[in-house]
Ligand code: MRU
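Consider the single chain below, provided in structure tokens and representing the form predicted alone.
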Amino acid sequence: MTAFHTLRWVDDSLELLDQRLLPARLEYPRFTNAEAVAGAIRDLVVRGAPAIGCAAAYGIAVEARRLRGQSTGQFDAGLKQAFDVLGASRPTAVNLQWALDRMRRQLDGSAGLDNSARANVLLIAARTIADEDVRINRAMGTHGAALLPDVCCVMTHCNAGALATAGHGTALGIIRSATSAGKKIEVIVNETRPFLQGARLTAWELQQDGIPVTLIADSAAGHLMGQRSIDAVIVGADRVAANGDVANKIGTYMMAVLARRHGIPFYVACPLSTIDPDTPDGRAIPIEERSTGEVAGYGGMRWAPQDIRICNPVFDVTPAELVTALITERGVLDSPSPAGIRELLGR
């Protein structure tokens, strides 16, 4: 187990590890209402598709606790607003809406109970979502670890570890599971411009676990692949379309193209909740654009000229044909296709 918590429930409130401050320091700001949790999601206090879903679920729970002393009408109206504000916080990661839909069903099913009982139902549901996420990640870790050689070098992009989930991680969960199984895994971490999730988060996570890690500039990935020093690329996902196209952190598509050029397997670790059967293909996935300041500089330093035009999409789409396999809690889907995804989802 990792020595930190991405999110935790303390004294009727949600605490989130502020990932904007890593690796310099660990701080757990406390959130006592849904609007504050939505702000934390928007501002990247918490990030990563599964972790966003868990945080949103707890956002509903914390709002219900706050409203439990109000009238039934005020309770229902306040929670409706909470669902709306949380649902609008970030557009690309489908786990957000998946978790909110699940919480909404729990709320609807608790009609007739008093407000305190309904608030307890929602808290139990949020805890269940977080607990399930860890179990799912461990199952993915077992399936994915079996794909790796006993001695290998894995490249990853962005952060798909415990920090991006309720615990263990998706892509990094596979690496953790393989290491626990006795395999000797070395990890090459792309820095992941412009917000440096690889440099600040993934490299730090792996250091905490004592897993050998080397940090590189994103632009060095092709060089290392060309040196035949990479055995596999493993990434996470923010949304997988019904045809197998994968939305993930900007730069993932570039890694997939390079991996295909060099004959390196390109694996995507994703829970079933990240697969969106209602999105037909990657063209239909909304791609979030964030502040131009993330590209112009970092940490108070600006290196771009003033008044320069900046484009900052934070996700891209990797076509299904570049994905060697999806690794899920139900197993591995080789060469993802619409039929394979339907079968995986039991549809």
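Heads up: residue numbers just count along the shown sequence, starting at 1. It should be emphasised that the depicted structure is a prediction, and the values quoted were computed from it without experimental measurement.
Keep in mind that the form predicted in complex with the named molecule is missing from the display, and what follows is about it.
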| query | finding |
| --- | --- |
| Contact assignment for the named molecule in the predicted complex, among A256, A119, I175, A237, heavy atom within 4.5 Å | A237 |
| Stretch in contact, per heavy atom within 4.5 angstroms of the named molecule in the predicted complex, of 47-55, 27-35, 275-283, 299-307 | 47-55 |
| Contact flag, R90 vs the named molecule in the predicted complex, heavy atom cut 4.5 Å | yes |
| C158 within 4.5 Å of the named molecule in the predicted complex, heavy atoms | yes |
| In the predicted complex, N190 touching the named molecule (heavy atom, 4.5 Å) | no |
| Contact flag, A164 vs the named molecule in the predicted complex, heavy atom cut 4.5 Å | yes |
| The named molecule in the predicted complex - contacting residues of 243-264, heavy atom within 4.5 Å | N248, K249 |
